[in-house]
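What follows is a single chain, given as structure tokens, in the form predicted on its own.
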């Protein structure tokens, strides 16, 4: 089966499952008046080579909405998710947000855009004043830079600086063990790729001063051919390579790298590889590539996480992704805030309810997640690195980074950047 046909199958499954979910809503909810519905808008990428980002984001949020509606909604008022395809264009994402708020009457926005669009959406939210949760963007400045913050906007996604600290510590330890001093990088040429790569290498060198970066390549986002990129990496002859490529780009890179036996010639760290759709879409997954935590039913290895995996697969007939848990988490915070405030009419009250809130969650390393009050960003999720294997669960030897270490180094980093 080709990659395209696999993705097509996923889209078909999702379209079918979403329709089925609507039909299966509880009778009480179906009797609610149209005006009683609380509308939640989601701009995201639903077409093109990374449409799985939008599909799995929608599926993660919809799972939580359907379960909330099945239990009666907000005092009989159902939630409704309305999505718009931004086609991976920031201007389309902003247009979609305005239409969802002013045209559809959405009280809440779930921004499931990549970082290329989320910074533009943030400015639209600043003007519109509605509640917004960014659920996909991992570029650190979105929530770390105080000049960019908006009182009603939060991030329920992982944040690049957290993974960089965990990944840097892990990479430094492997470097000492194997003598990996000369490093190259290969990451997408936009905000997320540039910032997360710089942060990863900064902390790798922080933990091991012998590491040096001898070359960097920046492929364009969604480019189809990585031959030139692979050739450049081979010419550099590094001891190790870091990549922040993701989704279909990462699948293409790994497949094309296999043709040149790249992974046998250098140690590879690919932070976004450990996600089911990527792992299963690669034609011949190499053993031994080191990946950060994305979504895996064994990370954390708890009954609650396995239960989420089973519920998601049963409903959607596909495997969850990193974006699935991040959007499910956003809906968990929104639902708790709605129950607390009692309505969706006051975005400032909803924001006050979410700010600093701790919720029980299958994705937290201690069974909880917290929306940190000082910068409106999520903390407490699983951070660390493991090694790929060809068979389920596709990741082994996962090493979790302690959040005390992340908090300490993040604070020092923010002071160096002038954010504190």
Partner chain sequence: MKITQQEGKRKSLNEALITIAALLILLALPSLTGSQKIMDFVIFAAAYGVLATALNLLIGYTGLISFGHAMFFASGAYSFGALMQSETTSVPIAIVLTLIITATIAAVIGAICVRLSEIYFAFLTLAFQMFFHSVLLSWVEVTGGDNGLLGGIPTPVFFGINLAQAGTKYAFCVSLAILSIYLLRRIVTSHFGYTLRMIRDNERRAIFLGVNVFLTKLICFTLSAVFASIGGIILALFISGAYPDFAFWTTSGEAIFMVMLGGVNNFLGPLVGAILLTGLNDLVVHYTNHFGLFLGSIILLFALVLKKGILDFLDPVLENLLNKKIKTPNDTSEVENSDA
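Residue numbers count along the first chain shown, from 1. Everything quoted here is computed from the prediction, not taken from an experiment.
The next section is about a form of this same protein that is not shown, the form predicted in complex with its partner chain.
Comment: 88-96 is the region of 203-211, 88-96, 226-234, 324-332 lying near its partner chain in the model of the complex, near meaning a non-hydrogen atom within 4.5 Å. Site residues 174, 215 and 254 are none of them in contact with its partner chain in the model of the complex, judged by any heavy atom within 4.5 Å. Contact check for residue 169: every heavy atom lies farther than 4.5 Å from its partner chain in the model of the complex. Mapping the unseen interface onto this chain, residue 305 falls outside it, with no heavy atom inside 4.5 Å of its partner chain in the model of the complex. Though the partner is left out of this view, residue 190 does reach within 4.5 Å of its partner chain in the model of the complex, counting heavy atoms only.
None of the heavy atoms of residue 370 is located within 4.5 Å of its partner chain in the model of the complex. A heavy atom within 4.5 Å of its partner chain in the model of the complex is found for exactly one of 103, 179, 288, 342: 103. Between the options 382, 351, 49, 46, the residue in contact with its partner chain in the model of the complex by a heavy atom within 4.5 angstroms is 46. Along 55-73, one residue reaches a heavy atom to within 4.5 Å of its partner chain in the model of the complex: 58.
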